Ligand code: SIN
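Here you get one chain, nothing else, as structure tokens; it is the form predicted alone.
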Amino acid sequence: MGLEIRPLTKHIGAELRGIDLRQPLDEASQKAIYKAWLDHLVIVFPDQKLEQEDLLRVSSYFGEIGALRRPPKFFPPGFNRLLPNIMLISNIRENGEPIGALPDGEMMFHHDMIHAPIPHNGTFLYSVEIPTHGGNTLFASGYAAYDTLDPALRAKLEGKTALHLYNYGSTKKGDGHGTEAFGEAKHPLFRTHEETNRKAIYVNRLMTTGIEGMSEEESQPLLDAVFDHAEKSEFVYEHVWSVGDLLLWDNRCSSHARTDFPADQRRLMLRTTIEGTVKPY
């Protein structure tokens, strides 16, 4: 296979070269790539030229593909159909409506599907069209953040359960700017990864709303301290997209965010997810 694995930062991210994902992978190659994912949390396959079928096949190497919850209403040129379980992430508009989900602007750090009883293990994102600048994705290592968290704060929060709400676009304080929430769940504030047995911070600024058994006045300063620590630049890899990049990240031990980008420039990504296998709580 000639696989080359190049770490991108001390704590998170690796670029995988010497592989053409249009070709089916043998079992040894699949295992090597899976191990790289567990070791590095985020893996980058640059310069791929994938069809939808290729994306689904590669996704299947990592587990059961997550069900699509929001089918697109419109399709851009060249996409008169989407195969099942592929989501469009796009700001392209047809008849004044976005063709895909999560169309515009920046997003705070979050874990995909943390608002579900069994969150998804991983997310794939493949770039088809990108703006000239912006729209970068930042990934933060929950492992590194947990390992270096202030011991007194960690001891205070160990064993606690956090509450998570899906309300994209809102500050979670009832400001009226978000869409109606469709999911909420409770999970450990520190999650133990079922495959690596390492602990990671498992709360985020976008979706975590409180700590079970605590008032907002008590819990919010504690959560803010954890958020600020978990988002430190030393734990973060920032990916600047190129067309043909395929990324896979582990939602169990990393969070991610998006930078702003020009609203008048097209951005089109194809997304799949990997179903979770255990309840964290």
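Note that residue numbering follows the sequence shown and begins at 1. No experiment lies behind these values; they were computed from the predicted model shown.
The discussion below concerns the form predicted together with this ligand, not included here.
Taken together, the three residues H110, L125 and R267 all come within 4.5 Å of this ligand in the predicted complex, as judged by their closest heavy atom. Of the residues given (I89, I92, A116, L82), I89 alone sits with a heavy atom within 4.5 Å of this ligand in the predicted complex. The partner is absent here, but in the predicted complex a heavy atom of L102, alone among A185, I99, L102, L149, sits within 4.5 Å of this ligand.
Contact check for N121: every heavy atom lies farther than 4.5 Å from this ligand in the predicted complex. A residue is said to contact a partner when one of its heavy atoms sits within 4.5 Å of a partner heavy atom; R271 meets this definition for this ligand in the predicted complex. Of the heavy atoms in N204, none are within 4.5 Å of this ligand in the predicted complex.
H256 belongs to the set of residues with a heavy atom inside 4.5 Å of this ligand in the predicted complex.
Heavy atoms within 4.5 Å of this ligand in the predicted complex map, among the stretches 248-256, 210-218, 45-53, 26-34, onto 248-256 alone.
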